[in-house]
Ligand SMILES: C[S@@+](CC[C@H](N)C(=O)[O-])C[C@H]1O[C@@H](n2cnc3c(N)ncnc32)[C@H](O)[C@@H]1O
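Just the one chain here, the form predicted on its own, laid out as structure tokens.
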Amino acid sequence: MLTRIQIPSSVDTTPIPAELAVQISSARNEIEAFQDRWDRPQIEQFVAADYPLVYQCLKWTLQHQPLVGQRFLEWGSGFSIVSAIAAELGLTAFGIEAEPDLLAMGRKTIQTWNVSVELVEGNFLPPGAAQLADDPMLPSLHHDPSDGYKKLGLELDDFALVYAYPWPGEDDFHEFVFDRYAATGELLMLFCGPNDVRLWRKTS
């Protein structure tokens, strides 16, 4: 069972370190340049999150919520900005990304930020998780079929905190998957749109 944890609305007043703010701004510029390219098809499922707000919510979570460990996992890591932020906050960060072009940009982010994050190409859904979906057209069901967890040598229940930016309508599916495969005490953070970051703990 998942139990919702309310992140206070005042979280957006949390100061952001100047150096991190510059890194986030630079990364957003990289994303815009990537999306403006005309020489390859657009990756429609990649949308940038509000990275300052995600930082503030992660910071609050680390200050106010106990963790069952230090491992952080980003589902569909894209440019790996959130993974890099997690590493900056002292977590042991990992990311799983199905799109090779995005994975390459994520590795560029990690190198530029000079943080330690392990990134792998593959599917962030644990094997068998697709059967939990009630809609066969959900975007998460149509990624690289290779098992990202096998490449990491870990399972979903080995992580303390998982972050995802679900496509509209997929948030319930992500919650079902997390509830089925995560360990008791593990946290799930979902960025669901402007000013909408949700935090859950698996309690049983």
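Because the structure is predicted, anything quoted here is derived from the model rather than measured. Numbers follow the displayed sequence, beginning with 1.
What comes next is about the form predicted in complex with the ligand, which does not appear here.
Only one segment in the set 175-183, 48-56, 61-69, 151-159 has residues whose heavy atoms sit within 4.5 Å of the ligand in the predicted complex; it is 48-56. Although the partner is absent here, W113 is not a contact residue: none of its heavy atoms lies within 4.5 angstroms of the ligand in the predicted complex. Using a 4.5 angstroms limit between non-hydrogen atoms, G122 touches the ligand in the predicted complex. A residue is said to contact a partner when one of its heavy atoms sits within 4.5 Å of a partner heavy atom; I96 meets this definition for the ligand in the predicted complex. The closest non-hydrogen atom of V82 lies within 4.5 Å of the ligand in the predicted complex. Scanning 68-107 for heavy atoms within 4.5 Å of the ligand in the predicted complex gives E74, W75, G76, S77, G78, V82, I96, E97, A98, E99, L102 in sequence order.
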